[in-house]
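First, one chain by itself: the form predicted on its own, in structure tokens.
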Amino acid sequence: MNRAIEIHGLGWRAGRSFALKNVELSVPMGSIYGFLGPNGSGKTTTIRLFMGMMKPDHGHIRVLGMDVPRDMARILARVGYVPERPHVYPALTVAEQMRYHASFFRNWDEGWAREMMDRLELDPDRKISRMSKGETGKLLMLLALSQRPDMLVLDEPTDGLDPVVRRDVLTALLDYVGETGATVFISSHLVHELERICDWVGVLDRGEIVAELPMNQFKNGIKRIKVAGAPMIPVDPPFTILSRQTANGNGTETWVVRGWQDPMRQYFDGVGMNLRDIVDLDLEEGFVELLRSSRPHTSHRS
């Protein structure tokens, strides 16, 4: 499988307070890859490293088959980027910002940009300093898409936007992907939003990757199950137990497990346990359970 982003052994430290620890990341070409993690987990730092804005302490990075930082000029010509903080000039109008941005990109599509401006209801004569956060968010997406990039890198692109603007921005993004097959790398802490649009997911917590897999496997593979007759240490379970909770003295336990497949029901009969119930979790519930299990103080049996 071709990869749009390949990261191996990436490390970076900010004093004693934070570090990325041997991050491994593999983004399939043509995917919409959701990069999940709580605030402060290192998502923006990872993006800045593979976008060539920071230098890693160690590790190797390739983007669109080219090396970072050696080939950054060629990489950036093919990447549309919406940063966490706006990178536009308040003194310019929308039209002036578009012309300025277009001057850096050979593939800038003026017709598409004008169409997007109308569709997103942006006034070409409006000064950016007088625009709302939602209007600025629309402009940032317009600038990124009008470059006609092979890959879009979006860092919290809808954070703080109202639901109507968020829908407009994501619809424009999905329409572009449907037309071009571009890869999208979208970082967010809004789990429910990524659940609707992404086909791959990577989870970063405290500077470490704790999961990376197709979205359907993530959603379908994390379950809450109720079991009876469980021993203190289960014998060779075919899944990973993320957490265990004992019910109120009735001999049953609630487990959250990862890597679940339906044939695993047979495991319980073979070890003398009784499987009472299986409950599906949505992406946000699975995300929270995965974070809890990755942190030592919450991974023990309660």
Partner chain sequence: MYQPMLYLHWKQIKLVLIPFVIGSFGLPLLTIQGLGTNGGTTVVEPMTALLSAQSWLTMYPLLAAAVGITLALSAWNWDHQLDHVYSLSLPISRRQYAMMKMGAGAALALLPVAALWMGSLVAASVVTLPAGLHAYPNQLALRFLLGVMISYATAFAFAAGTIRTTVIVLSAVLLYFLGGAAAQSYLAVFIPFFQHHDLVGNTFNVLLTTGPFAVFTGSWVLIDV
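All of these numbers come straight from a predicted model, not from anything done at the bench. Positions refer to the first chain, counted from 1.
Just so it is clear, the following notes concern the form predicted together with its partner chain, a form of the same protein that is not shown.
With a 4.5 Å cutoff on heavy atoms, residue 168 does not count as touching its partner chain in the predicted bound form; it lies far away.
Not displayed here, its partner chain is approached by residue 48 to within 4.5 Å at the level of heavy atoms in the predicted bound form. Looking at residue 112, you'd find every heavy atom of it more than 4.5 angstroms from its partner chain in the predicted bound form.
Its partner chain is not shown here, and in the predicted bound form it never comes within 4.5 Å of any heavy atom of residue 195. Proximity to its partner chain in the predicted bound form, taken as heavy atoms within 4.5 Å, picks out 100-108 from the listed stretches 218-226, 182-190, 200-208, 100-108.
Proximity to its partner chain in the predicted bound form, defined as a heavy atom within 4.5 Å, holds among 96, 156, 150, 212 only for 96. In summary, among the residues 53, 247, 271, 66, the only one with a non-hydrogen atom within 4.5 Å of its partner chain in the predicted bound form is 53. Annotation: in the predicted bound form, residues 73, 76 and 85 each come within 4.5 Å of its partner chain through at least one heavy atom.
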